[in-house]
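This document opens with one chain alone, in structure tokens, the form predicted on its own.
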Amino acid sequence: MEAMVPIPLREAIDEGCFGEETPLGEIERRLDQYFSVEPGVTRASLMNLAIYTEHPETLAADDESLNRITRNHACRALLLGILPDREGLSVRCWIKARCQLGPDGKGRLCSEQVTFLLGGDCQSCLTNLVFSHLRSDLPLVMWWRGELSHHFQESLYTSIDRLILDSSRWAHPVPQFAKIAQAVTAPTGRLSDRRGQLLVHDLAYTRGHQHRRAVAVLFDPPAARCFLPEINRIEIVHTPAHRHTGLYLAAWITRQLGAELVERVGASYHYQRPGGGRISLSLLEQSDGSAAIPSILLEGGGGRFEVIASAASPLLEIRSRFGVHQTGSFLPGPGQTDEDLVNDILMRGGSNLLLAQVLPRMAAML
């Protein structure tokens, strides 16, 4: 198995990055032992949180992601690294505690972490071995890094309550979205929401949360809202890695306007309103800039409404000009890292119904 371990991962293991290596059958006993002998330590868990990756060379970075998330969310953390397929089956495990100072500044609140490195035919491992180490009375949130592979099967996703993914990293998004569509219709036996279905969060969608809020704020004034039926041109600028965020924003805006897609020509989309009006939407790529969405523009009826990512600060500038009115202000921008976005998702929770409504419109634009 050592020959299959990438060098960066082998170095992380040698440095003790994942804690104490532990036999599979000893995991729970050793965790119980640690928390029983360490003074002033409280075992805290609000959820099971798993990070899954089939790129083991990134496992140390994923471990650091868990470190950042557990500062705000106490959990039973699982880090799941899958080695390339090989004959036979191999499992290595490590345990450690991630601790923060308690409210009194003396005691420590600790999340427990179990890291698995799996090789060979690990599908049965995921369902029969790994998930036997969940806190059974708590929901399971899984952050799936990368493509949805053949390991994303019903026996796995029906054990998940909340799935976090990032479609902007997918090389072939159409079949990937088909897998998601199938997964959300399968009932789950775990805690989930009252519908008993898998809840999905796409980081590509979450990156546009503050932009959606900014567009809504632009049309809060009644005088501005009167221009909504007049909007006939939309322009969304995105950076190369964030086309899906731009597509989600386009799908959300046109849904709010009640318009349906009738034609696509390259990066231009044409929509029809129920009353017969037309909307032209352009999705433009900008190679420079750190923001996922540098700007959004809506025009029509003599009105102009803009959301602009500030180059000098993590803020969104909103501008509007209609009639004799001209306004401008700033709003908080989106999270800067994937961990920020995951923290936001875990903080808000909810059933994420808006994504479920927007996703089919977005997928039709791919």
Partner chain sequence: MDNPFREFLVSRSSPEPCSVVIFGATGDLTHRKLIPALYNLAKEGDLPPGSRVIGVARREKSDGEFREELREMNRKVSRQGHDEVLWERFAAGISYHRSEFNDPEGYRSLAERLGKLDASGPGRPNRLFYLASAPEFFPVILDQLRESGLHEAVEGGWTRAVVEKPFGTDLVTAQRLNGVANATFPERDTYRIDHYLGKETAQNIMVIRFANAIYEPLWNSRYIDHVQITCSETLGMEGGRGGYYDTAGALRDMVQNHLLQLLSLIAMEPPADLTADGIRDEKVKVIKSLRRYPDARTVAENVVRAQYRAGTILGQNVRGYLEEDRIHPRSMTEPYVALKINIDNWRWEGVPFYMRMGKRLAKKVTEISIHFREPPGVLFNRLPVTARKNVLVLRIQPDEGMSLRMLSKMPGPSIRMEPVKMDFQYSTSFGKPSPEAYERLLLDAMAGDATLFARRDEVEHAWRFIDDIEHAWHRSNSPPPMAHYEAGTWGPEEADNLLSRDGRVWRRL
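Residue numbers count along the first chain shown, from 1. These numbers were taken from a predicted model, which means no experiment stands behind them.
What follows is about the form predicted in complex with the partner chain, which we do not show.
**Study point:** in the model of the complex, Gln256 touching the partner chain (heavy atom, 4.5 Å)
**Key:** Heavy-atom contact with the partner chain at 4.5 Å: present for Gln256.
Check your understanding: Leu331: heavy atom within 4.5 Å of the partner chain in the model of the complex?
Key -> Looking in the model of the complex, residue contacts with the partner chain include Leu331, since a heavy atom lies within 4.5 Å.
Point to revise | Distance check, His242 to the partner chain in the model of the complex, heavy atom within 4.5 Å | key: No, no contact at 4.5 Å.
Review point. Closest heavy atom of Asp288 to the partner chain in the model of the complex, within 4.5 Å or not?
Key: Although the partner chain is absent here, Asp288 would stay clear of it in the model of the complex, with no heavy atoms inside 4.5 Å.
Practice item. Let me know the one among His133, His201, Arg212, Arg98 whose heavy atoms come within 4.5 Å of the partner chain in the model of the complex, would you? Key: Checked against the cut-off, the match is Arg212.
Check your understanding: Only one of Val91, Ala267, Val217, Leu129 has a non-hydrogen atom within 4.5 angstroms of the partner chain in the model of the complex; which is it?
Key -> Checking each option against the partner chain in the model of the complex, the one that comes within 4.5 Å is Val217.
Exercise for review: Just one of 334 to 342, 27 to 35, 42 to 50, 59 to 67 has residues with a heavy atom within 4.5 Å of the partner chain in the model of the complex, so point it out.
Suggested key: Partner-contacting stretch among the options: 42 to 50.
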